[in-house]
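In structure tokens, the next block holds one chain alone, the form predicted on its own.
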């Protein structure tokens, strides 16, 4: 708050004070009041007025400067009412009460929307679990009746199953911390589960699936990790390249601080200009124009879940040659020492 703007805002009050003082002086002169007395009155009144202006300016400045500084420091601006104190001047009290009422109204509305969204998410999760039952039954029927087995049917069932699971994990991704359990997880076991899930589609497309992760263990949630790896493997299957022997290779490397799980494929690769955007929501890029089933959600959800789990995910690719996705797990030094 600046003094110049404060004085400009109170210009009429200052002008009125000057006019009233001048009129009072004229009246005192007309009554033949001693000049010394008039000067004494003027000095006293002017000093009193100036002191009031200084006092009023300082109390307003203190309130508004603190208000603006606190507001600037807050990421969630609506929490400002929790930080400011009720001011001791009338206009400030009006502002304070108005902000309090606005914040209360917004909080009630947010709570209403949150409950509505929570109900919707709960319904979606229940619906997904119901859909998974007939999908599992259809897969079992195909395995038990080979005469019904068909590459296109298997591919479409796999696609439906992946899309349904993708919706489930997307719904849960905002509150993933309520659903995961961090513990030591064997990489080979998690990858074996992913391989079993994709067994039929890998065989149908003659894809070599190589795994070299040794006995490495990482701190993660096995269920979430399997979903993330499955999204990457599904992309590798989706974007296979004609004219080569199809390969997906999963390896694990480590240094003193991290373990790197690398998922490599020799598919169609990613255009260089698209690489920085592949983790963006709904981004499909140049490959999305080639493959109609691309949604741009798989890698986005994988990235969000990695953040929740404390992992990093990166991608390297060269168009018409390869794509390699790396999931980086931090080692826990405390646990290593405890062992």
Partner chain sequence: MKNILIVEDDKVISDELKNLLDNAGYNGIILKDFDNSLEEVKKINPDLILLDINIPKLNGELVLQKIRKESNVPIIMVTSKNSEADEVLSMSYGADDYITKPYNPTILLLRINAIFKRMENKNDVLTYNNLVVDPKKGIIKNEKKELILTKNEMIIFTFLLFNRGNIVTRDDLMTDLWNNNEYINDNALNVNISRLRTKLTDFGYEDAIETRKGQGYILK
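As the structure is a computational prediction, the values presented were derived from the model and not from experiment. Positions refer to the first chain, counted from 1. Rigid core here is just the name for the largest C-alpha set that superposes within 1.5 Å across the two forms.
Below, we turn to the form predicted in complex with the partner chain, even though it does not appear here.
_in the model of the complex, the one of 145, 111, 76, 257 near the partner chain [non-hydrogen atom within 4.5 angstroms]_ = Result of the distance check: 145.
*Answer with one of 192, 81, 251, 107: the residue that has a non-hydrogen atom within 4.5 Å of the partner chain in the model of the complex.*
Exactly one listed residue reaches within 4.5 Å, namely 192.
*Is there a non-hydrogen atom of residue 239 within 4.5 angstroms of a non-hydrogen atom of the partner chain in the model of the complex?*
Residue 239 lies outside the contact set for the partner chain.
*Wondering, does residue 151 line up within 4.5 Å of the partner chain in the model of the complex on heavy atoms?*
Residue-level check for residue 151: yes, a contact with the partner chain.
*Using a 4.5 Å heavy atom cut-off, state whether residue 161 contacts the partner chain in the model of the complex.*
Yes - in the model of the complex, heavy atoms of residue 161 and the partner chain come within 4.5 Å of each other.
*May I ask you to check whether residue 209 falls inside a 4.5 Å heavy atom distance of the partner chain in the model of the complex?*
Residue 209: yes, in contact with the partner chain in the model of the complex.
_Taking 4.5 angstroms as the heavy atom distance cut-off, pick the stretch from 112-120, 265-273, 201-209, 90-98 that is near the partner chain in the model of the complex._
Heavy-atom contact with the partner occurs in 201-209.
_Heavy atom contacts to the partner chain in the model of the complex at 4.5 Å, residues of 120-138 in sequence order_ = Stretch hits, in order: 129, 132, 133, 135, 136, 137.
*Just checking, between the shown form and the other one and with the core aligned, does residue 219 shift 2 Å or more at the CA?*
No, its C-alpha moves less than 2 Å.
*Can we say the CA of residue 157 moves by at least 2 Å between the shown form and the other one when the core is superposed?*
Shift at residue 157: 2 Å or more after core fit.
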